[in-house]
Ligand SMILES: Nc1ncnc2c1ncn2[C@@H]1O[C@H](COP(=O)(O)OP(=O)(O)O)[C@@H](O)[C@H]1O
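Encoded as structure tokens, the following chain is the form predicted alone, with no partner shown.
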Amino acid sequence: MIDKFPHYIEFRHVYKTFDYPVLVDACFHVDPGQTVAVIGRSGVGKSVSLGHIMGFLKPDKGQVIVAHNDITEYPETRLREIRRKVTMVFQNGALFDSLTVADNILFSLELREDYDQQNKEDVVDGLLRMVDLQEFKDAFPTDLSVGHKRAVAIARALAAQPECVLYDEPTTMVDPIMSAHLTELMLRLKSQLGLTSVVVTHDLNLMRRVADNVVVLFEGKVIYFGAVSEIDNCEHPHIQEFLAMDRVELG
């Protein structure tokens, strides 16, 4: 499969329409170990792209490659195999409010028959250390800030030992200190675990810090796909406007 589909994730001429075209002839790819950011204004298809990668949505036309497999026509049973390799950190964290932080992470380990209870608890402790949340082990999600909930969601995602993590707006609605913490965490996971990742974000600072390549969506189309280091040289007026708005906000 790897020879046929060398990229870990690839969109090949993907189209998706709801009430209006959301993705139009979208083409981009993510190689193993890479981080690719997907940016653009609200409603341009960023989260819809993540939905296609997870198999929650199917394209009207085109192919979606994930984990070196063409998942375009996969039934739910085969998509479950893909989701063992690719996991998603939702914007709201999607934690269980009735479980402690430790038990939320433990939930991802329940089906691991190769781990005994002590192994599982050791993994939970290790993941909490990795995301700097040891002190919140016995807390409940309702006791946590938005940023801490996202860090717990990342730890829970990592418990499944995925090859790839999808992040949906990881720094939205968090304070600058927590935003910096989440950014450093994502960089650490990339360097230590070699994870492949896709980051949907409005946060251009996050994009510049963590991403190798960037996809810019505008009116459903990919108007830029390339190195983050080269995006400032792109002359597309929408991209220049987007970058200028970010500079104004930072200024």
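It should be emphasised that the depicted structure is a prediction, and the values quoted were computed from it without experimental measurement. When you see a residue number, it is the position in the sequence shown, counting from 1.
This protein has a second form, the form predicted in complex with the named molecule, left out of what is shown; the following refers to that one.
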{"query": "In the predicted bound form, the one of 48, 26, 30, 199 near the named molecule [non-hydrogen atom within 4.5 angstroms]", "finding": "48"}
{"query": "Contact residue in the predicted bound form, from 204, 54, 44, 189 (heavy atom within 4.5 Å of the named molecule)", "finding": "44"}
{"query": "Contact segment among 34-42, 191-199, 220-228, 60-68, judged by heavy atoms lying within 4.5 Å of the named molecule in the predicted bound form", "finding": "34-42"}
{"query": "Distance check, residue 14 to the named molecule in the predicted bound form, heavy atom within 4.5 Å", "finding": "no"}
{"query": "Residues in 119-152 with any heavy atom within 4.5 Å of the named molecule in the predicted bound form", "finding": "none"}
